[in-house]
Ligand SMILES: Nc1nc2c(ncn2[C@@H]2O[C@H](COP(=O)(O)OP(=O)(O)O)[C@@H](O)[C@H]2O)c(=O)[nH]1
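We begin with a single chain expressed as structure tokens, specifically the form predicted on its own.
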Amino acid sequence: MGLFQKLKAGLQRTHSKLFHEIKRIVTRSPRLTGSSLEELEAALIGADLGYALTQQIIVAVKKAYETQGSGGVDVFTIAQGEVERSLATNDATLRRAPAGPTVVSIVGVNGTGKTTTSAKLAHLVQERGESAVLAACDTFRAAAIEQLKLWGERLQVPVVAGAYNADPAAVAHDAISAAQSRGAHYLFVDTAGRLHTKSNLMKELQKVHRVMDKKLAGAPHEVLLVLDATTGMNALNQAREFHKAVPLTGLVVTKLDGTSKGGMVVAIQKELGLPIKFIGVGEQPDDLQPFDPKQFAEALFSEKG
């Protein structure tokens, strides 16, 4: 299955809900009425596209009806174009340090899929011919270290781990040493899940990052927040708080295949101005893929099967 097919399949629930709602609204009445506009607005907000982008689409649809009349207006094409335009500045490139290993810190609340994302990113860079090391810095969650080690064995990526309840900053320090001695291109640091509302846990994350920077100036070079798409717009609060505590460089949105609220990807990027670097649309190692705005907009709104 090609990348676009995977994306389309992953966004099927969001696409299906949007498609049927919009089709119902536009086929019921060829004229654009106040009530049909309200329904269109509700359908877009229901997919968690966010208020700002929803208004942008509504304005574009109104303008098209005014200039072309009902005969020439394709709401799907207009919405697809507005989403694509909104995401035009998105840069999904994974940063690369000028020398030595590029350290990527993977952060987020519990249960978003950070450990799996860390492993899948290691797999992704390996597929590009680059080498990776994984650091098991979630030293508190039961079986987190074993989970990462299993992924390491499966993907043949070395894993640096400490004992349970070890200081995660010490593990991160050792992992940078290991990545340096191996000449690895990337080090992916799997941090413990933490609620964005717990200031003591956020301080601990800041400490891990400070220790990394002392060991290797500029590290972490990339700080990726992993968000669970099924939480919809609640993810926006998480992103805001994490961004305050540790400046984020990008977002990874997982579990898009399990939600009808896939529009939250666009809403969060639009509000925070943080690039969506990767999206997850399944369980397999290669189901994490670089975010492509054009393909994402097409998968959301295209009428093609």
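Residues carry their position along the shown sequence, with the first being 1. Since this is a predicted model, take the numbers as computed values, not measurements.
What comes next is about the form predicted together with the named molecule, which is not displayed.
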Identify whether the named molecule in the predicted complex is within 4.5 Å of every residue in the set Q126, P285 and Q289, based on non-hydrogen atoms. no
Taking 4.5 angstroms as the heavy atom distance cut-off, pick the stretch from 34 to 42, 250 to 258, 51 to 59, 264 to 272 that is near the named molecule in the predicted complex. 250 to 258
G152 versus the named molecule, in the predicted complex: is there a non-hydrogen atom within 4.5 Å? no
When the contact criterion is heavy atoms within 4.5 Å, does T112 count as touching the named molecule in the predicted complex? yes
Within a 4.5 Å heavy atom cut-off, is T116 in contact with the named molecule in the predicted complex? yes
Contact test in the predicted complex: N90 vs the named molecule, heavy atoms, 4.5 Å: no
Exactly one residue in Q80, T139, T231, Q147 has a non-hydrogen atom within 4.5 Å of the named molecule in the predicted complex; which is it? Q147
Interface residues of 197 to 215 toward the named molecule, as seen in the predicted complex [heavy atoms, 4.5 Å]: none
